[in-house]
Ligand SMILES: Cc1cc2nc3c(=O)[nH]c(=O)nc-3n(C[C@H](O)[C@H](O)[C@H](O)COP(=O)(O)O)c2cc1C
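Below you will find one chain, with nothing else, as structure tokens; this is the form predicted alone, and questions on how it binds or moves follow later.
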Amino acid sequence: MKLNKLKIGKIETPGNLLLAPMADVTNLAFRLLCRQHGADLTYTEMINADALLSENRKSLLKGLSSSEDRPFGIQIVGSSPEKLRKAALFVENEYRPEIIDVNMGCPVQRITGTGCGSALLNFPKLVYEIISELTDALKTPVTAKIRILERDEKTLEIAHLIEKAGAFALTVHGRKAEQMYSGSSDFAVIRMVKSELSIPVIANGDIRDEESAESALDFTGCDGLMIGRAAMGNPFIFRRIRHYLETGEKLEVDRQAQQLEDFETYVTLLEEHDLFSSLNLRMHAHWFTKGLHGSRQIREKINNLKDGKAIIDLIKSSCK
């Protein structure tokens, strides 16, 4: 069995499979669905510290959780230690997450252009200040998520500073910011970071199926795996990987039936938690129909629909 417990601060999870924070993806309904399939820890979409402090409604909604969504982490993004501290204190008091994570890895221009996300990695002193400011002010364990840098020693410098500043864990995405999501995740650098730190290190990037999950754990020696894009429209990936790490055997599954069932459950959860107004359902439906028989035609028809039930009926009729 390769599925180990994960301990971050006082939180201990039965396994070490984490759902990555993803903008426009990891809303409460999606997190709950991934949990049903075996995700041990889930994260909200990243929340902009400035938007949170100005009480932007959409940002406030991102932090919503429920009793079934525990333990969960809230990821915040910003570049000012003071504003991040204020936003994190608000998050701690308002939502009571088990973890507050700082985004230091997002490579998207609208984030890096304001000095946030992976742009922070160019300023080691600021990275240290941000994590120190948060760990001093919060009762909640603080973690960070980074990308690797051009030179290995720079990646290690950042990782050591984050640990020294009091972070309880570090997630490392094995791509450089310039790569965005192209090329491959460099697990050798993640392994190097893991070998140098005493806090838990979580591997992220290119974990897309049973074999890649097993090899990532074996090769890096990391304490956990964070799954991102491979879970979009495919929350069942957690059940598959969990089963494989526990038993060494693969689950036999009818992918078409499973994705339809998951999308139906997803729509129900969106309804239950009144989340329809805060997302683009058609975009999510595109993810859930990816790879299905006739998926291109299905997606073209979805573009004309807005109602969850109508989309489900369309997918069902197309899959017969």
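Since we're looking at a predicted model, the values are computed, not measured. Throughout, we count residues from 1 along the sequence that is shown.
The same protein also exists as the form predicted in complex with the named molecule; that form is not shown, yet it is the one meant from here on.
For the options T140, T143, N103, T155, the residue carrying a heavy atom within 4.5 angstroms of the named molecule in the predicted complex is N103.
Distance criterion of 4.5 Å from any heavy atom to the named molecule in the predicted complex singles out N204 from the list S118, T220, N234, N204.
Picking from 252 to 260, 265 to 273, 39 to 47, 60 to 68 the stretch near the named molecule in the predicted complex, with a 4.5 Å limit on heavy atoms, gives 39 to 47.
Using a 4.5 angstroms threshold between heavy atoms, A20 counts as touching the named molecule in the predicted complex. Using a 4.5 angstroms threshold between heavy atoms, R229 counts as touching the named molecule in the predicted complex.
When contacts are judged by a 4.5 Å heavy atom cut-off, V25 counts as touching the named molecule in the predicted complex.
For F123, no non-hydrogen atom is located within 4.5 Å of the named molecule in the predicted complex, even though that partner is not displayed. The single residue of 160 to 174 lying near the named molecule in the predicted complex is H173, the criterion being any heavy atom within 4.5 Å.
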